[in-house]
Structure formats: structure tokens, C-alpha cells
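One chain comes next, on its own, written out as C-alpha cells in the form predicted on its own.
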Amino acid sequence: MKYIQSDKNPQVKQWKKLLTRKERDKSGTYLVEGFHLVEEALVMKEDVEEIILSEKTEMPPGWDYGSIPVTVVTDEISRQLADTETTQGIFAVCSQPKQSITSGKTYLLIDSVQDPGNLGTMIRTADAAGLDAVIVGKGSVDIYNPKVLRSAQGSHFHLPVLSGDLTEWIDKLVAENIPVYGTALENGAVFTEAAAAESFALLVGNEGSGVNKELLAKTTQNLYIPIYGNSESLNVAVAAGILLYYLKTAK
């Protein structure tokens, strides 16, 4: 077990760079923080490159981390690595999985969602609803953003979460006879009119402008959720949850 005291250490500098999307993309790695996320990451040991532990934090008894290297750092370094105000003092450096999807029946497609809390919540909801994959399109927040990871609560380790070209994905799914349901207030049907299907993809979009019109033009059917009160719209993550569970259970 190694001990690092200086925040000028090259390894510490590299860890701190992982708080930026640029470095995560360049290195193909990302940082998870907190006992719950590190424990979830350890389920997929092959993705965990190292564990970082504050000198004031103890490794939980019973954790099976095998031969994964553990580095102890000062409390000050721990705070510098943290994306939370009160850190638990434990982190893991994980490699971004080289995931590919050869088969699947249910998908969530996400277009230009920029709030990390919304994206993480939708990934978590897709996981809870038993979907096969989440595809995140251009213009969205990074899937490995620290706030996205916290909001998803470990779901990144439970199902494939990919960055991809939504135009290509919609074409691919439609060609495989998987209905793609868009979300739109105009020229859409009330969601309860959607036909029951064992396979489906749900496409949701940006918090302010919704789904790109070019993508909506390619869908099988566009749906909307009626607003009965005075609110202008539903939060995108809430809407995604309603629609995913309806589509999963529609008979």
C-alpha cells in the first residue's frame, strides 16, 4: 500500500485532471467517489485500476478488492480530488468499458440533456426498469461527469451506457423492427395510446428545447404526457420514468 503526502505528486496531478471531461476522454478513465460507488465498481473488478483512500478513512471490512492497488493520501489531497463538499475519503480510478451492443430489446435514447442530475437519474431509472442499454447522443453532458455518476448511483456498472450517434441508432433500431417512441408536444399521441410491444426504444430530449426535430421525424411514433395543472412541462427525468414504466408494462 503506497502513501502519498504531496499534492505535487504526478499521480495526484493525474487524478485531479480526471475531474475534467477532456482528460477523461483522453485517458479513457474516470474517477468515482464514495463508499457506495466504489463498492459498485468493485463488482466489475476488471474496470477498477486503483483505489484511493484518505488517511482518515478505513477500508470497509469484507471488501474483496483482490490485487487492485490501494494508495493512501492525506486528507487535504482527498478534499482536492472530491467533487462533493463533504467527501467520504474513498475513490476509485476506473477504465471506461469498451462496450458494444449486439442484441437488445429495450433502449433509452437521450438527446442533448445537459443537466448531470437529469442524465444520472435517467440512467438509474432505465436500470431500475430493466432496460438493456442507454444511448447518450451529442450535446449531452459527459456520461462520466461526477454528478452524473452520483445521480446514477452505480447504474453505470449494471447496464451498458454508451455515447453514440442517435441518427444511426434510430435507423438501426427501426431496421430491426424495434419501435422508437419520441417525446413531443406537437403532432404526438397521448402516451397511453402507444401499442404494447416487447421491444421498444424511448427517445427523450433537451430540458428546454426537447428532442431535435430531425430525430423526431425518424421515429415510429411520438408521444406526450398530458399536463393537468398549471405547470408548463414535466422534468425530463420524471417524464422518462413515467414513459419507460408505461412502455415496459403496457398490455
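Numbers for residues come from their place in the sequence shown, where the first is 1. Remember, it's a predicted structure, so these values are computed and weren't measured experimentally.
Unshown form predicted in complex with a further copy of the same chain; subsequent notes refer to it.
Visitor: May I ask you to choose, among S78, S112, N145, S155, the residue with a heavy atom within 4.5 Å of a further copy of the same chain in the model of the complex?
Guide: Comparing distances to a further copy of the same chain in the model of the complex, the residue within 4.5 Å is S155.
Visitor: Just give me the single entry in V72, A82, A128, L162 that has a non-hydrogen atom within 4.5 angstroms of a further copy of the same chain in the model of the complex.
Guide: If I apply the 4.5 Å criterion carefully, the residue I get is A128.
Visitor: Can any non-hydrogen atom of T121 be found within 4.5 angstroms of a further copy of the same chain in the model of the complex?
Guide: Because a heavy atom of T121 falls inside 4.5 Å of a further copy of the same chain in the model of the complex, the answer is yes.
Visitor: With the partner left out of view, is Q5 within 4.5 angstroms of a further copy of the same chain in the model of the complex by any non-hydrogen atom?
Guide: Flag for Q5 set to no.
Visitor: Is N235 close enough to a further copy of the same chain in the model of the complex to count, meaning some heavy atom within 4.5 Å?
Guide: Contact with a further copy of the same chain, yes.
Visitor: Heavy atom to heavy atom, is I225 within 4.5 Å of a further copy of the same chain in the model of the complex?
Guide: Answer yes; at least one heavy atom of I225 falls within 4.5 Å of a further copy of the same chain in the model of the complex.
Visitor: Out of 1 to 27, which residues reach within 4.5 Å of a further copy of the same chain in the model of the complex, heavy atoms considered?
Guide: Heavy-atom contacts within 4.5 Å come from no residue here.
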